[in-house]
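Taking the form predicted alone, here's one chain by itself in structure tokens.
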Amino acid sequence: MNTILVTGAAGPLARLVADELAGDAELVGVDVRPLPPGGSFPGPFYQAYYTQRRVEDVFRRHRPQALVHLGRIRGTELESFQHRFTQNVLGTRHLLEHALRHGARRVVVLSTYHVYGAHQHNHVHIREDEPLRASQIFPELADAVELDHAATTFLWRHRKVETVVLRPCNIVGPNLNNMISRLLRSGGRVPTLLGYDPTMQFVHETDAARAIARTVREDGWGVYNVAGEGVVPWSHAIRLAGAEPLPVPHVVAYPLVGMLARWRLVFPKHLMDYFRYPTVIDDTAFRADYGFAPALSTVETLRTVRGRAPAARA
């Protein structure tokens, strides 16, 4: 049986992807974090930093035919920028080198739409060939941009390995512990910037897992945006999730968010402009090349963030 190595394996998204791939191959998990209390992975699990020699031992022992790299450390996590850069950039390069050296035939790397940057002059429906401007606006996102660059460089340099780089919009769901999901399922007052209400895109965690699994199973290569069905203003997204918007004046919001983000009470300061200016991506290529369509609409996705069943379609 083939073997698939999944990084970020201690996280809930990786478990959803593993559930999608169960039966297709033997699954091996690696993460810089331990498994959560009571958590499990459907296969051997190794806790190791991606830059450590132990990771190469995992490749040597299991000889995976596919690498699914979901292990990007987000800026919302309580890690220093230097640590994030080391694991996200150097760690990703090491993983890709090991995949090449030990005969992997497919690589899937999960990036993020944040690499495009949030800017007042962004046009609607940003395509995959647009420049990645995030680090020019927010130096704190340099690790995310460089991870993406490392993956796309590998894609073009080593064509014998079919490589797919995915740039999803906001992935949300009842099982995820990312900042956007925690905000939406808070059930209380969620901050918005007074005078700003950008349109945003969301994809449900199960649809994201299906999209990732499809790129593992099917032939192909390239860089793809992944989004849900439609767009919705941020204030309306909050209400659909069962919370209420809390408008905060711009001059107050930035220093306040900078303080609260230290305790992970709100999104980090360098992501503020994504709640100020729209960053709407075009996922036409992914839908066409992989025949993908989300099972849940944006409205249904947001209504399920707190674990509620989606409303029936009209």
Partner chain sequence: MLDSLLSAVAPPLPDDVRQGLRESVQLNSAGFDPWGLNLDTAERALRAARWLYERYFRVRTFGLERLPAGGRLMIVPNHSGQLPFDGLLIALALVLEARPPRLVRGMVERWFPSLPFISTLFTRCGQTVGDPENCRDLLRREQTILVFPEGVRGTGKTYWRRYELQAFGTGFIRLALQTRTPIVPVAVVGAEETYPSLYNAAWLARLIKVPYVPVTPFFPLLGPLGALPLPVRIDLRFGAPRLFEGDPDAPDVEVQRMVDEVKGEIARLIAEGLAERPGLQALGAVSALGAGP
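In this text, all values refer to a predicted model and were calculated from it rather than measured experimentally. Numbering follows the first chain given and starts at 1.
Form predicted in complex with its partner chain: not shown, discussed below.
At the 4.5 Å threshold, heavy atoms of residue 131 stay clear of its partner chain in the model of the complex, well away from it. Among heavy atoms of residue 174, none comes within 4.5 Å of its partner chain in the model of the complex. Among residues of the shown chain, residue 195 is one whose heavy atoms approach its partner chain to within 4.5 Å in the model of the complex. Residue 120 belongs to the set of residues with a heavy atom inside 4.5 Å of its partner chain in the model of the complex. With the partner omitted from this view, the residue of 191, 242, 220, 233 that lies near its partner chain in the model of the complex is 233 [heavy atom within 4.5 Å]. For the options 83, 127, 149, 93, the one in contact with its partner chain in the model of the complex, meaning a heavy atom within 4.5 Å, is 127. None of 149 to 157, 103 to 111, 164 to 172, 195 to 203 except one has non-hydrogen atoms within 4.5 angstroms of its partner chain in the model of the complex; the exception is 195 to 203.
Heavy atoms of no residue among 14, 41 and 57 are located within 4.5 Å of its partner chain in the model of the complex. Taking its partner chain as it sits in the model of the complex, the stretch 290 to 307 comes within 4.5 angstroms of it through a non-hydrogen atom at 297, 298, 299.
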